[in-house]
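Before any questions on how it binds or moves, here is one chain, the form predicted on its own, in structure tokens.
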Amino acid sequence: MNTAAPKDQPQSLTGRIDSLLRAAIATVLEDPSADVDPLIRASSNPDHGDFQANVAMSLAKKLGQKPRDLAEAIVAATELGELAEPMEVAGPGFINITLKPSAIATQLEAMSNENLGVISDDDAHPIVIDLCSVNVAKTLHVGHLRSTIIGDALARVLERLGRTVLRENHLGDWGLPIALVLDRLRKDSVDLDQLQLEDLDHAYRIAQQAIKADPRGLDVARQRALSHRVAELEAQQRGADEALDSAKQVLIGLQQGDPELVSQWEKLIDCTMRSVYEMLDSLGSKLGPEHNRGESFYRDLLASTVETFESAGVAKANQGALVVAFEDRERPLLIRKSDGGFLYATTDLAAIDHRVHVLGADRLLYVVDARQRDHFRDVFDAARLIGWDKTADGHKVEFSHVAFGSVLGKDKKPLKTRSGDNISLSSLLNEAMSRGQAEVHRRAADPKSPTHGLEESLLDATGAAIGIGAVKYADLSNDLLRDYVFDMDRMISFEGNTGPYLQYAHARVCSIFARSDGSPFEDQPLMLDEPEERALGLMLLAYGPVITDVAASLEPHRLCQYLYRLSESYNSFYQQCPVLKTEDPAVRKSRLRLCDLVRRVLADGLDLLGIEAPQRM
């Protein structure tokens, strides 16, 4: 548990206890320099206290002592004062900690400001997040959805901690695949000023089909003297060679800056990105044209990147190619082909050089599907070998591949249409918004509903937010590496651990203030006399540490789990602790303050996930 707070920022309640226990352990060990993690964890049973320190169980074995004796010594050396009741040693050596209600209330007062208990990270180096990463001239699919949703959520969390985050949409906008599409469009005399994504998608498929050849089949046909088949395959080979040669000429023209070709290439990008921006707008993601930095940006840096590796002796010749070898694996990293061509790895290394040495980033995150695990392991290790794991001011650079699994259909197979094609992202998002709108309109038809009588446009906007929130939450609430089933019926539900449930929880809290008399409550001291009030207070105090944890672990599902637990805790509080109907004005105002904190934390947490928090549902 890392609980150190930056200068001029208060520690959390658990952070203060952590520090006191560390000091006590150092005293018991008679070593002032010792800094042993007390292993504080939330207690699974409220009867055993709020927290449990398990350090004696692990430390005693190393010291050759009895865990219970060591735990009692630590307790005797610890003075928690106003923070907690006297600690208790339970079982073989667990240390149970019960916070004082006054300490919980004091800490809740401290988190009532705009920070909501989130402690800022004072590292001034920017963080680069490589996300979305669409390929020009191809229809967007669910893989782009996951990369964008996950990357945007991580960027929001890191920005919430005060870090500067540079979003990088690493477009696949250069090289032979793009030249193939452009060449096909030119041959078909397509009006590029009227270009649609469907035209690009069609040209891409035709171009890929045109370069297909079957050299092995041709060899077999020749061996078996199948003259008719030989003629067919030879014609296919000639056609593929001609298509490749033609595309290579287009690529050479692009590389040389031919004005006409460059203008046409830009139209391909514009057409693709119009579709991307429509998707990003629907998702509410913070990603725009200013974040585009595709492969074309690095094209003039590839030769110098390879030269740097070669001159440093990190890359060596191998059968005419240039590779980076690693001691712990047989597979080398190819950075220049035998024909002098460059690869994705070359571009990624050039990007690391730029991100570390030009942008000054000390943390590079790549939100890309899990199938690229080996690729990024090799690229990161190559960057370390060349010394690109330190910023200009000597700060250590952290490389992270934020890998994610696949989106499956209800049949547990990769999500496809009935015809077997990849499902387009636009159709998926449109369905989500349509389903959300239908549910909102259905509920609004009830005269008792808070949304009854609202304008159609407002209901539609709320429904769209619910549909998109459902998709985002379903994605983010799972362990990223796990495949997940795209089940719209479950995702759009207002019950269970879903996005709409959390949005509805926020709206329910808002409804309390809509029904209150508007009397001020902000100055009322918090009163935590009931168990549900106390439990809700403790849950609220966990928000800041959860945000810090998500930023370190890069696992958004931890925030989702927290928001769901907070909603459940609030429901228990609401059922057992009347707010507006309680007769004691002080108790009513105290509970309104708790409700206000819940409302603000839910809204803030949902925003970090990129999900809207409607006030009425």
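Residue indices: 1-based, along the sequence shown. Since the structure is predicted, the reported quantities are computational estimates derived from the model, not experimental observations.
As for the form predicted in complex with ligand ARG, it is not shown, yet the points below apply to it.
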4.5 Å heavy atom contact, residue 406 to ligand ARG in the predicted complex: no
So in the predicted complex, does any heavy atom of residue 376 sit within 4.5 Å of ligand ARG? yes
Consider residue 172 of the chain shown here, and say whether it contacts ligand ARG in the predicted complex, taking contact as heavy atoms within 4.5 Å. yes
Please tell me whether any heavy atom belonging to residue 265 falls inside 4.5 Å of a heavy atom of ligand ARG, as the geometry stands in the predicted complex. no
Please tell me which of 372, 106, 318, 434 lies within 4.5 Å of ligand ARG in the predicted complex, judged by heavy atoms. 372
With ligand ARG left out of view, which of 368, 158, 149, 324 would have a heavy atom within 4.5 Å of it in the predicted complex? 368
Heavy atom distance at most 4.5 Å to ligand ARG in the predicted complex, all of 282, 441 and 460: no
Using a 4.5 Å heavy atom cut-off, which stretch among 133 to 141, 474 to 482, 158 to 166, 356 to 364 contacts ligand ARG in the predicted complex? 133 to 141
